[in-house]
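Just one chain follows, in the form predicted alone, and it is written as structure tokens.
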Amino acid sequence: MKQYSGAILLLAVMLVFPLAVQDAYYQHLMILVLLWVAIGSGWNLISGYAGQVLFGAAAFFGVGAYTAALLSHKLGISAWWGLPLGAVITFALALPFGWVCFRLRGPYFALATLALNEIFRHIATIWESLTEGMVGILVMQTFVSKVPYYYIALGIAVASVLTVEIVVRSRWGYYFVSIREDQDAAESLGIDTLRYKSVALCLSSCMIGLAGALYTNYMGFIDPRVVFSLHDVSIAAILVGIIGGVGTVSGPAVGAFIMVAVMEIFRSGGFGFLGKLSSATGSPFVATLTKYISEAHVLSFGLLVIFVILYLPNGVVGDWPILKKKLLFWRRQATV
């Protein structure tokens, strides 16, 4: 029980967060963090533990998002039914895809998932009679307050992390890691690698599809460019895993928080500090600097990944003992 004390304390803090911090802006940021925890956990299960690099997370995210949107737009059914149905449909998509494409290895499987994402993006763009194409689909939001969305996102994020924790401690988890380390050796020991890679992909797709369905309900609008985005979803999911720590249960949670924080610091110009400074001083230089910094959030991701690869190759969680020693050393040096 002691080993989970930190997680329990963090969960308690997250439960009281919207009650203590009632600013809608910060609640919105935390909802985004929780969505990325679910997406990152799904990506981490198939890529971090099973060793099958997923470049097409946006395919499952988009399918989950459109499942919720089409229920409301075409059938007049509440988009909230898209959460369970989105998980089921992404599962049904992942199963045959994995059965066919897991015969490919390494970069070939990664390219196959990338192709899957592009296929669904083009389908959603071209099939206008179903998806409304680039016009997008508008879904009426159920709640005015962000608090209900926050707690639903928290529930999905916690469920995703717990799922990964339970799976990696089970026999399946050992099979996943053995496949990641040496697939041929795993097969020689009698492990059905095709079966267990498919299991990992199906579980991963359900988590990502749930996040996509919640995104539709929360944002109230989707289009193919947003939910099937290679950069904003697929690559961002990989960044969450790399920054937090690939193959660690808590890595996606840490990576999601860091990624959203860095993105918002750049996008908002230091949470609005540079904008206020520009208004107060009237300096053209500060105004120009604010403009360029707010447009450089994509560059910030690249710099962050370079920093992590150079100094924390196993991510923040994976290299936490090393990082902790360095922090203690710098603290001692500062007090001398």
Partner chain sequence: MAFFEAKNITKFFGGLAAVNGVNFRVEQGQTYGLIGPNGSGKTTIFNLINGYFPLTTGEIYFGGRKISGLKTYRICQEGIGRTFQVVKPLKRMTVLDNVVASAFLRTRSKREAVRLAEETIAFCGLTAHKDKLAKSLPIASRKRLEITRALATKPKLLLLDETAAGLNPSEVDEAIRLIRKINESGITIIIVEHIMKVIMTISDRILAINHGMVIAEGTPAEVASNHEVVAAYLGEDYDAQS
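Positions refer to the first chain, counted from 1. Because the structure is a prediction, the values reported are computed rather than measured.
Although not depicted, the form predicted in complex with the partner chain is the subject of the following passage.
- Partner contact region in the predicted complex: 181-189, out of 140-148, 181-189, 212-220, 248-256, criterion any non-hydrogen atom within 4.5 Å of the partner chain.
- This chain appears without its partner; in the predicted complex, the one residue of R169, H231, H122, R225 with a heavy atom within 4.5 Å of the partner chain is R169.
- Note on contacts: among Y174, Y108, W127, W81, the single residue with a heavy atom within 4.5 Å of the partner chain in the predicted complex is Y174.
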